[in-house]
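We begin with a single chain expressed as structure tokens, specifically the form predicted alone.
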């Protein structure tokens, strides 16, 4: 199909274009309790063509653009009609002119993941064995489980000469844990593994079951006030995405961010742990075919890289680094056990935790937290937290223990001082 698309683009004399193809094989299984309810295999192909029309507006060079999905089964006539109609629409929306990435040409880069050493079915079976191997409690159990073992091949090519393709493999899914007493409680969890780290997955399922039991016994929210809040797991990465997105070239070009390389973006006189972040990726290229290599985003609170794709890099006159979503962060200075010895609110589950990349505010509604009032530790539920990374960043303390997910490799927990908590009235 790609060859047909290229021939049609040439016949229509479309000068600037980019094509993305994603072919995905998946082995999938759905369980109710420990009973296999459905098992299936899928194979899909998605193709997207983006067309660019060089034009002039008010005496300035611009690029009109339009993106169209291509159905693999189109006939030659249908394909020509689809691309011709898309080309006619490139005059509607436009941006200042820029050059597409002039990338390499290369053969398929195969996955280096440990998942590549087994079939999709074998990876699926290993994940199921791990998840259900953790389901050993009498007072909590796995209600439903969905598992997807995937092999994905992506190809990116454009009119500037880029033509690269690469394979990725992963296992991902979701599961619901349930406890029936003293209250009937269900909690929802997701996972994604780029490597067969079965010990970590089993530990996460065990912790999820324990937390579901604690959620069933938690009856009241914490009292409203200001707390030393401990976040762990995915929420640590979510807090750090503030630095990731504020340092992106699109934020800088549009002046949503005033950061420059060399700025002390964590502020002056850091009293906690200085933040260092390395941009990394499990994929060799990003969606534009730009090679991805490890780059320092921050070193001890100082910005080292403005990152992003070809368009905004061209506008800023900097190197297009590619678009990153994976962060690697050094371990912190304090153990999680020592963090939890101090009066604190350790929130382990939110209904929806979010970081606002523009304002630096973060927050979410509390599903389950452990309140240490200095004398006892008890589970609480309800209420919400609302903090600002700008207020807290000088005093951040990260754990020595680590947490690894598909898009993060860094400290398991972070302690944040002076976070406002909405809860029960005094």
Partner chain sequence: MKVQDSPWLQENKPFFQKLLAELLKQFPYASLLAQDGQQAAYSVNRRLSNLSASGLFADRGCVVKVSDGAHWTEYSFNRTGEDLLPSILEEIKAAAAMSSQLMPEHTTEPEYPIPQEEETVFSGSTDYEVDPLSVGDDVVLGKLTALRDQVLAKDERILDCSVRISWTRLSKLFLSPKKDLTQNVLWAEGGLTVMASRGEEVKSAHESVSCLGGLELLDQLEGHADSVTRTALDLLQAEAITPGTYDCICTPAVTGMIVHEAFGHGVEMDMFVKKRALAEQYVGKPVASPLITMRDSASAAAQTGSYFFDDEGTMAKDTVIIKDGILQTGISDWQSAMVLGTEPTGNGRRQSFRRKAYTRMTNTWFEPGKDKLEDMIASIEHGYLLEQPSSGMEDPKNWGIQCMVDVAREIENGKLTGRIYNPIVLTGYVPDLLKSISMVSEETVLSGSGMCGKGWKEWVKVSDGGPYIKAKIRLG
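All figures in this text were calculated on a predicted structure; none of them were measured in a lab. Throughout, rigid core stands for the largest set of C-alpha atoms superposing within 1.5 Å between the two forms. Positions refer to the first chain, counted from 1.
If you look for the form predicted in complex with the partner chain, you will not find it shown, but the lines that follow are about it.
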For this session: From the candidate stretches 371-379, 35-43, 397-405, 54-62, select the single one in contact with the partner chain in the predicted bound form, where contact means a heavy atom within 4.5 Å.
Result: 35-43
Exercise. Check 255, 354 and 423: does every one of them have a heavy atom within 4.5 Å of the partner chain in the predicted bound form?
Worked result: yes
Problem set entry | The unique member of 201, 336, 74, 282 whose heavy atoms fall within 4.5 Å of the partner chain in the predicted bound form | 74
Exercise. Of the residues 275, 193, 156, 185, which one places a heavy atom within 4.5 Å of the partner chain in the predicted bound form?
Worked result: 185
Exercise. Is there any non-hydrogen atom of residue 102 lying within 4.5 Å of the partner chain in the predicted bound form?
Worked result: no
For this session: Look up in the predicted bound form whether residue 271 has a non-hydrogen atom within 4.5 angstroms of the partner chain, and give yes or no.
Result: no
For this session: Look up in the predicted bound form whether residue 124 has a non-hydrogen atom within 4.5 angstroms of the partner chain, and give yes or no.
Result: yes
Exercise. Do residue 318 and the partner chain come within 4.5 Å of each other in the predicted bound form, heavy atoms counted?
Worked result: no
For this session: Just give me the residues of 123-145, first to last, that have a heavy atom within 4.5 Å of the partner chain in the predicted bound form.
Result: 124, 125, 128, 129, 132, 143, 144
Exercise. For residue 38, is the CA shift between the shown form and the other one at least 2 Å following rigid-core superposition?
Worked result: yes
